[in-house]
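Heads up, the chain below is alone and in the form predicted on its own; it's given as structure tokens.
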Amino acid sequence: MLARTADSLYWCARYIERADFLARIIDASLRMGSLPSSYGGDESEWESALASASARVAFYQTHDHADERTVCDFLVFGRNNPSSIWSCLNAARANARAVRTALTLEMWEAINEAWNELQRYDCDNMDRESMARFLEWVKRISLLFDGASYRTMLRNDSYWFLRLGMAIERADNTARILDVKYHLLLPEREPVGGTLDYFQWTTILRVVSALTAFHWVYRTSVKPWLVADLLILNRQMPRSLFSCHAEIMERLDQLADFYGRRGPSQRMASNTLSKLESSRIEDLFQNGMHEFITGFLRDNATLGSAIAEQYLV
């Protein structure tokens, strides 16, 4: 496969996954914003949305204040923001179009029809209810594209590069939302384990479609260390850091066997997975959750660069 074909497949999946994640964190912020101010419903949730999207610096270059209107405009329809939902879907379609013959008809139709539908949305006349419906639509796009790829693609290098991009992006997104919860979301005046803290952790689980899974696994009320355990170390949870890197390792092994050579990306992925396999949630909390997640994000980004150098250039 040509490197530019692999690159387009890899980034098409990443952009679709990123658009889905942005829709989820904005939906969570809308839920938090609907709370009365006496219950914690201030504007810190919009700061957390920007932080989760790694967009705070870019946002404040053009805006003075983070609130529902300005953040939604920037993260959803901001054409000058390369990480907005609009820009992600635009970039995903451009990459898909570049490798149209490597995609199945169902996959191309899913992303092309989504792009055409996006043009009909009027961002200037959206109330909160309309925005919530739009975000649900974005999440359905991701499910449709992912389902089409799973059900219709040959299990060859095209499929492996697509899934590799998805897993790298999903791991990054899960880690970021956990880090933001620990350091930005809960106001200093609120107690850990209080009503607001409980509501926020429940919202985080909803963001990653894991609330039902949490109750199946732990059969108890929502607790911070159990949420972290589910989203970091649980091998059955598809959005956990462990599951994402298990898939990364599997896809890189398949590519190595297919092309007959291994390289830095396989070694880095193996090291990261080994660290996760030997980790215990108690140790992560004791040694510092923020430090662990910061290190994980750095390793995940380094792995992405290694994949690009080994396969995509």
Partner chain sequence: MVAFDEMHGAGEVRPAYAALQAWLERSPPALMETRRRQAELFFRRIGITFNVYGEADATERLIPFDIIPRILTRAEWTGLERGLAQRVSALNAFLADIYGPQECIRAGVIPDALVNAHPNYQLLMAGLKPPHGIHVHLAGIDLVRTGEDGFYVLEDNCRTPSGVSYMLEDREAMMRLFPELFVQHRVAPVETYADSLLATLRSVAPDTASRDPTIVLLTPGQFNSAYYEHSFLADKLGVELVEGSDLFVEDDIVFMRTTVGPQRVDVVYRRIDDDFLDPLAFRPDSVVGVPGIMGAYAAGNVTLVNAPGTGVADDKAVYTYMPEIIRFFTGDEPILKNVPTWRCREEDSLKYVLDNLADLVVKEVNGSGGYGMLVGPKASKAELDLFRAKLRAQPDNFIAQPTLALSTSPTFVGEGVAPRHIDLRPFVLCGADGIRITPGGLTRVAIKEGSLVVNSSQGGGTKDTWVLED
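Remember, predicted model here, so these are calculated numbers, not experimental data. Numbering follows the first chain given and starts at 1.
A second form of this protein, the form predicted in complex with its partner chain, is not displayed here; the remarks below concern that form.
Here is the short version: of R128, R206, R235, R100, the single residue with a heavy atom within 4.5 Å of its partner chain in the predicted complex is R100. Here is the short version: of W115, F77, Y121, F242, the single residue with a heavy atom within 4.5 Å of its partner chain in the predicted complex is W115. At a distance threshold of 4.5 angstroms between non-hydrogen atoms, A308 is out of contact with its partner chain in the predicted complex. Its partner chain in the predicted complex comes within 4.5 Å of a heavy atom belonging to R261. Proximity of D157 to its partner chain in the predicted complex falls within the 4.5 Å heavy atom cutoff. In the predicted complex, none of the heavy atoms of F199 sits within 4.5 Å of a heavy atom of its partner chain. Contact with its partner chain in the predicted complex, judged as any non-hydrogen atom within 4.5 angstroms, is confined among 227-235, 77-85, 141-149, 157-165 to 157-165. For the partner-free chain shown, M1, L2, A3, R4, T5, A6 of 1-21 come within 4.5 angstroms of its partner chain in the predicted complex, judged by any non-hydrogen atom.
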